[in-house]
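There is one chain below, alone, in structure tokens, taken in the form predicted on its own.
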């Protein structure tokens, strides 16, 4: 079957497609109970919706019942009283059906939208609470797809599927009543074929679930690809790789197209197969029921009322196939959602964490080892280092030496593999994460800003800051002057990631944000390495204001920018190779001397 849809069998997208088809996610009992409990939380609306569906089902049954008096009393017996009564009853039946349909759909969609809102909020909260390692190992587009695409598919399962399930169930009960009420012998014959109609529901439902999983994962991959290429559009254009990226995009859409078509085939086949099986039942009823009318054991009205009920009965049974497809898609999406919601965090607090109090702290690394994964070599080896309160430590060395990994352990973005990180003599694992991070500020090489006003980006460091505090922070960061030059001053929207600002301007706003937080521990991760000389001088002045009185860790690429450091720590291959003042290290003529000499020669 697979080779029928695909012309080749050795391409990368073919292999990926086969891998996705083999995945068959299951919604465990625990996850099922969670979804059911979410639905039952709205039991009053659910009950009212069920009553509305009973009304719809009753109206459907009444429509089938009305066929007999229409045929026998109006057309055959020509009863004028019934000619007035039955149309009035029909109007009432259709009104009740319409009101019940509206009520059930409104109530169930209300429940569905609330559950989707719960999933979206829970996913976002969970992702925000998970450690940075989780964010780094997952694709941004994939996480976005969970919150946007997957939850919408779950909505179809929770609201649309439940509506149809209850409505079709009650309709089947109503039609069964009509069928057996009209002719129980003919009804038994009709049920010979009916069970066969359920087979496609199971067969095609399984295939839809497999292809739905592949579709959702491919869509997540596509979202991630779009996010990366749109963000990196400048690099793509400079390197003239537009055609390359276009081909990559076509390959991904090719996979998506084939998965979607396989899902379409599975969905499209289920209904015709069920209709054919239902047609066999209808053919039998016409033959056997017609024979009974000819023999005089039944009336035309009874036969047509029975036939109408049977034909209307097959319709909800046929819909169960599509309903099952929706449920299978929802199961695949719900499984992906719960995979994130049930992700355990490796950064945990103790049962009764301490709160970090005070304004001046020392920071100590006590025999610290660290690796990103258990099966990888350590990034840091036996680090022993202590920074006194207010001391400025400069961390230098070649790329990959472990500088950023070391400072990331202080705010517990990662946890040590062995040893301890101590602040004021307290293990950071014994402190509440909130109070720990409340006492730490960071300025990174890549300025992280949000598509808000300048004012709100600075206020991010202290949410209750006044406008005057924001202006003072901007002045200390040497940002006030250029901010005043913006069209709306501090109210100017700076664009996504600060795209409307220069590198130096973005960095100084980040410094203003760190200043207004006024944290006693400061981390500067190559905060000036991406700037030109003029911007670097201004940013360096702002950093000097920021570091006053704070225990600071400064990762520096250019050694000329760290002459103010109390101590210089040279890391090499994850270990401390040298430490001391600039003059001490130059006198040793070791690795620091070589780095300094190399940069001076280049300069």
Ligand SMILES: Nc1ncnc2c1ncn2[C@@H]1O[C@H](COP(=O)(O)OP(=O)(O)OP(=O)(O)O)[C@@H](O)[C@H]1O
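Owing to the predicted nature of the structure, the values given are computational and were not obtained by experimental measurement. Positions refer to the first chain, counted from 1.
What comes next is about the form predicted together with this ligand, which is not displayed.
Peer 1: Which one, 398, 497, 388, 291, lies within 4.5 Å of this ligand in the predicted complex by heavy atoms?
Peer 2: None of the other options qualify; the answer is 398.
Peer 1: Of 123, 416, 379, 356, which one comes within 4.5 Å of this ligand in the predicted complex, counting heavy atoms only?
Peer 2: Comparing distances to this ligand in the predicted complex, the residue within 4.5 Å is 379.
Peer 1: Taking any heavy atom pair closer than or equal to 4.5 Å as contact, tell me whether residue 402 reaches this ligand in the predicted complex.
Peer 2: Yes.
Peer 1: Give a yes or no for residue 68: in the predicted complex, does one of its heavy atoms lie within 4.5 Å of a heavy atom belonging to this ligand?
Peer 2: Residue 68 lies outside the contact set for this ligand.
Peer 1: Verify the contact flag for residue 31: yes if a non-hydrogen atom of it lies within 4.5 Å of a non-hydrogen atom of this ligand in the predicted complex, no if not.
Peer 2: No, no contact at 4.5 Å.
Peer 1: Contact between residue 102 and this ligand in the predicted complex at 4.5 Å, heavy atoms?
Peer 2: No, residue 102 sits far enough from this ligand in the predicted complex that none of its heavy atoms falls within 4.5 Å.
Peer 1: Choose one stretch from 90 to 98, 334 to 342, 404 to 412, 448 to 456: the one whose residues place a heavy atom within 4.5 angstroms of this ligand in the predicted complex.
Peer 2: That would be 404 to 412.
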